[in-house]
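Take a look at this single chain in structure tokens; it is the form predicted on its own.
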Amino acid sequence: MLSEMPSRNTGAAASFPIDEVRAQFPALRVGNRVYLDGPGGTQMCAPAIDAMVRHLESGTANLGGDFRTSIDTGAMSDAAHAAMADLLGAAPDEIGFGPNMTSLTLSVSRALAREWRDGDEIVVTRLDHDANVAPWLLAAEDRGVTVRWLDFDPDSGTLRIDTLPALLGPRTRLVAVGGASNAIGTLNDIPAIAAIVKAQSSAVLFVDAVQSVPHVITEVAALGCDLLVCSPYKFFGPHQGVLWGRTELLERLRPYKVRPAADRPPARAFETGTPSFEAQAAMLGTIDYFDALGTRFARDGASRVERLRAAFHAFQAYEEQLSARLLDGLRSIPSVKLWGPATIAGRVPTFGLTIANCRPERAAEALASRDIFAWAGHFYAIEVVARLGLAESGGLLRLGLCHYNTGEEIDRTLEALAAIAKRTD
């Protein structure tokens, strides 16, 4: 187990324990598969699976009872909220769980839109997943609100933050942006966006961090946003959504909920119905996995928050090594075009590609025949694909790396891409 490995405070990437890490993922033992589908969902780590099974085997119950399974489930749920708070640098009462990010965003959009009036304005971007666009478009339509669009540069894949001030005004009620693009990997400068939004408006800043949380340290206070959502199944945990919000904003909002839920902490007011307690248990196991790995890199006596950050420093350094290897190889295949940032800087390890004379779905099929798993299409980033002019040609081939991938898998993928490109020349 990772928790039993000795601490080595050497360079994170150089000493990254990839063999021990891969041993923590049962799915990686099946066949000779290369999982490059992480932006759509990662494999679950063994501590998360074990925690989920333990909770179900020991007995589950709804909250509020005087009997043992209800008491134990409540304690586990409290611990899961606290663990997720540590991962995001937040307080436990600021954390709410839901079935997925999309459902939470739709719920938050309805609560926020209660305050909107005819003539108000919101800002959404062309770089986002539709789960951070469509809910706001629907709410704006319902409330008679004007939608303004923040564009991105198709050549660099970066948001045109320089144009944001002109989109803001006294009637701006919301700015919705992504932490990172799920299609081309761009890592957005959320603190810079927050500074502009707060200086020029009183708008709520909502961040879809589904693609950024798996790869970079996330501290909500440093980001400067008001609300943030992410998805544990994108970072080795269960299918679930997470909402974080500033307490003063959450206390002001009135979520659509049943009346007995009125006494819950502010963020938990969005936890409508009976939640998946087994998923919350698995979330605890996921944090335990990060914590154990972080022990290897953190100082002796470090807190859980410090150990989690140490783990993510190690992830990022290792993923940068893998990304450099992939980027170098892609440059050697003339018919492959990379969309988005051209270097490791300013991106997460998600790469959107096209291959000359080969539709993305055909490339994905060819990779799948070699047991290399990747997605093709628009991945719900319909605005991105349209802005790049790729909607009619099938969108993108997407390769997504994470810290359980290996250099050998990168080489195998590059060899396959070179063969696919050669066949279509």
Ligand SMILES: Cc1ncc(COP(=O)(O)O)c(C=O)c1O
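Source: prediction; values computed, not measured. Counting begins at 1, following the sequence as shown.
Note that the form predicted in complex with this ligand isn't included here; everything after this is about it.
With the partner removed from view, the residue among 286, 211, 186, 280 that has a non-hydrogen atom within 4.5 Å of this ligand in the predicted bound form turns out to be 211.
Out of the listed residues 233, 318, 152, 206, 233 is the one that sits within 4.5 Å of this ligand in the predicted bound form by at least one heavy atom. With a 4.5 Å cutoff on heavy atoms, residue 100 counts as touching this ligand in the predicted bound form. Though the partner is left out of this view, residue 296 does not reach within 4.5 Å of this ligand in the predicted bound form, counting heavy atoms only. The closest non-hydrogen atom of residue 131 lies within 4.5 Å of this ligand in the predicted bound form.
Taking the partner from the other structure, this ligand in the predicted bound form has a heavy atom within 4.5 Å of a heavy atom of residue 39.
Annotated contact segment (heavy atom within 4.5 Å of this ligand in the predicted bound form): 123-131, selected among 71-79, 220-228, 123-131, 164-172.
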